[in-house]
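A single chain, nothing else alongside it, follows as structure tokens in the form predicted on its own.
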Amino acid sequence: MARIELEGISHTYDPPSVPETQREYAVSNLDISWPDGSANALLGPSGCGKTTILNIISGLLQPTVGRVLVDGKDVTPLAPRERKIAQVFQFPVVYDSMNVFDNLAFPLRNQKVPEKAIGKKVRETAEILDLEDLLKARITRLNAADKQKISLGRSIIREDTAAVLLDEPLTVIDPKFKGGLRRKLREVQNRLKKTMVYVTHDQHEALTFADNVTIIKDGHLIQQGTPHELHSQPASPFIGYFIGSPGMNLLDCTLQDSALQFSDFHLPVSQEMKNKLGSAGNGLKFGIRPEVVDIATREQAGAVAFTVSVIEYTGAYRVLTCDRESSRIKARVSESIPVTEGDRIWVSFPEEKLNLFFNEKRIV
């Protein structure tokens, strides 16, 4: 187990001959800490720098600037094998010429561990991963999910493994196996208390695996927090929209007197809200989650009239796309609410559920 820290990490793939002012950085000025024994996710859109960060941690890449610390020790100059950090890749890495037992035993045999001890450790690992009945099976008989379990097993079987990095481990897994494998990954982390960093562009995978989620955009750290914190208190409009299904409603507005003024309606606010906004009267961005929007089929005092333009059915709930002259919002509602496309509805926005952003930063 290990605490992993990134201090001032920046990395460019440009050669040293490129002037500093012309260099493009894959990641910039990253300061991230993952506690010992924690379940973490590194989340962001494709191309944001996630895999670069993982490769810097494992030692496959030397950062242009900054340090990697494991339990307080600077491991930046160390080779990958010296860091004792295991990595599980998108595509399962297994040896087709070996059976499951020999695949799991391979790292221990490389360490010259006695065969009796290897047998005991392989059986323990197989039990954790539900592979006991497959130990004699040839790899060619297995599906991708079982192969990925073997990759995970090889990463955790060594006692000296300090941390496990998982790079989009469900990418090639059949959808019918994804949920079970994701639960197994989390179960293994809970049981062994090994520090794990799960890299993904899929918010559902990140939020269901990790206690702590780090969001990266364009190589920069945007926010780090629990799934609840990211959902309820997004640091920026990007996170508000990126986290959640559907994402947060975002509308431009200004504060005029005691109301938020939108392009085609206004919303009165309390004096307390007005005080929180302070001098940030212009250039505000209003955010509210679709699931906390209140709708009514009859006119309500203080509610804003919208027209339902699209209804998306999910089985458990419906997502309404609601339009005015130039404003559009989404509302997530119960199946029991009697509404059809084309209906006029009245929408209320609970003030205690509002998020307001100024210069791309959350202020309320």
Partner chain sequence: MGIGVFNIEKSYEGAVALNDVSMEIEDGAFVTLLGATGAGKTTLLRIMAGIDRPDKGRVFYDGKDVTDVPVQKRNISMVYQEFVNYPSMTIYENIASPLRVSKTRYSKTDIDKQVRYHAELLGLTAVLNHYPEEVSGGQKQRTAIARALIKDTRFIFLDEPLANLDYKLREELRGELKTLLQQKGGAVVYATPESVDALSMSTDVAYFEEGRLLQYGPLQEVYHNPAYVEVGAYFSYPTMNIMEADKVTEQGKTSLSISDEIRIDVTDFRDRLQVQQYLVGVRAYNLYTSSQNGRGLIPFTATVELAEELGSDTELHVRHQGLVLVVLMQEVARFPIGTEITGYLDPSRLFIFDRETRQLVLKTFS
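Residue numbers count along the first chain shown, from 1. Remember, it's a predicted structure, so these values are computed and weren't measured experimentally.
The same protein also has a form predicted in complex with its partner chain, omitted here; what follows describes it.
Not displayed here, its partner chain is kept clear of Asp218 by more than 4.5 Å at the level of heavy atoms in the predicted complex.
Put simply, Gly281 is far from its partner chain in the predicted complex: not one heavy atom of it is within 4.5 Å. In the predicted complex, its partner chain sits within 4.5 Å of a heavy atom belonging to Gly315. Using a 4.5 angstroms threshold between heavy atoms, Asp202 counts as touching its partner chain in the predicted complex. Stretch-level contact analysis of 270 to 278, 249 to 257, 209 to 217, 67 to 75 against its partner chain in the predicted complex, using heavy atoms and a 4.5 Å limit, identifies 209 to 217.
The listed set Val304, Ile32, Ile295, Ile311 contains one residue whose heavy atoms approach its partner chain in the predicted complex to within 4.5 Å, identified as Ile311. Among the residues Asp174, Asp133, Glu124, Asp264, the one placing a heavy atom within 4.5 Å of its partner chain in the predicted complex is Asp174. Shown without its partner, the chain has Ser46 as the single residue in segment 15 to 48 with a non-hydrogen atom within 4.5 angstroms of its partner chain in the predicted complex.
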